[in-house]
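Shown next as structure tokens: one chain only, the form predicted alone.
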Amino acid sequence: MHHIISIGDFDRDGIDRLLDHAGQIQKKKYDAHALDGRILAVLFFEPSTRTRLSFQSAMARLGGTSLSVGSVEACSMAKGETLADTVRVVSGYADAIVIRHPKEGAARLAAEFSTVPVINAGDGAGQHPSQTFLDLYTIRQSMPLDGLDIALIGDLRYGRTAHSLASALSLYNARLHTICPKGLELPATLAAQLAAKGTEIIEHDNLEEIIPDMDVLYVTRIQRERFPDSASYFNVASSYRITPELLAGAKKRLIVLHPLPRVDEIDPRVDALPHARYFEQSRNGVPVRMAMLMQVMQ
């Protein structure tokens, strides 16, 4: 039984194989009946649009069906049932579980109690491996993954997508340039792990100065839901904004990514520029998650 809990559970070959498989799927080279008769349980205890719908779309395109729980209030956890017991029960109804939960470590706990494969669709401020696969896939559509200069912008403390992506990029000799409000730096433990792997992490205060040297801008929103109070959030909200004027001196091949939803981090005028790849990035969630589902369920 193969779970997908953290991008750290994969080596470079494993990532490349999954991305190659997603590429074949995107070219319509796959069996539309590969998961006929299989059932995916979608346990999402946090709001989601892209991740939930793309997993359900992926399952449907492979011939399978989905069961869904949309919130804690909609299931027996509202009555006091533990996550462990919920997972024990649900794994008797489905062939795999995809889970999103506000608590870091919840997906790994679920894997301990599940009798079917578990895919982590985001656990608090922890990991979001399926997002990382589609991020890497989108970058690879534009340029080779090796040796890139990639700016991680925004909420790097609570942003699980940035955590997972930084871990994966350490396998591709990337140079990570971080730009974030004070107090929202990469967690010290993660930074130490990356440094131990030889990943260069360069902190910056001025985004405009580094734009000409970047290959990828990975923009994240400031995550209001992770902050202990509203005052702390508003102190750092709207710290950075990507505009056409800011991108005027960028490399021709620069791409701008965002895991979405965006608030005001990217000016809507950027949408029309060739640098903008965030909606393509979102669409790539379907073939990438199809590859993930086939990996754990076949």
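Numbering starts at 1 and runs along the sequence shown. The structure displayed is predicted, hence computed values, not measured ones.
One more form of this protein, predicted in complex with ligand CP, exists but is not displayed; see below.
For a residue to qualify, one of its non-hydrogen atoms must sit within 4.5 Å of ligand CP in the model of the complex; none of 26, 136 and 284 qualifies.
This chain appears without its partner; in the model of the complex, the one residue of 260, 39, 250, 34 with a heavy atom within 4.5 Å of ligand CP is 260. Only one of 114, 127, 131, 220 comes within 4.5 Å of ligand CP in the model of the complex through a heavy atom, and that residue is 131. By the criterion of a heavy atom within 4.5 Å, residue 48 is counted among the residues contacting ligand CP in the model of the complex. Though the partner is left out of this view, residue 100 does reach within 4.5 Å of ligand CP in the model of the complex, counting heavy atoms only. The chain is drawn here without ligand CP; in the model of the complex, the stretch among 267-275, 48-56, 241-249, 61-69 whose residues come within 4.5 Å of it by any heavy atom is 48-56.
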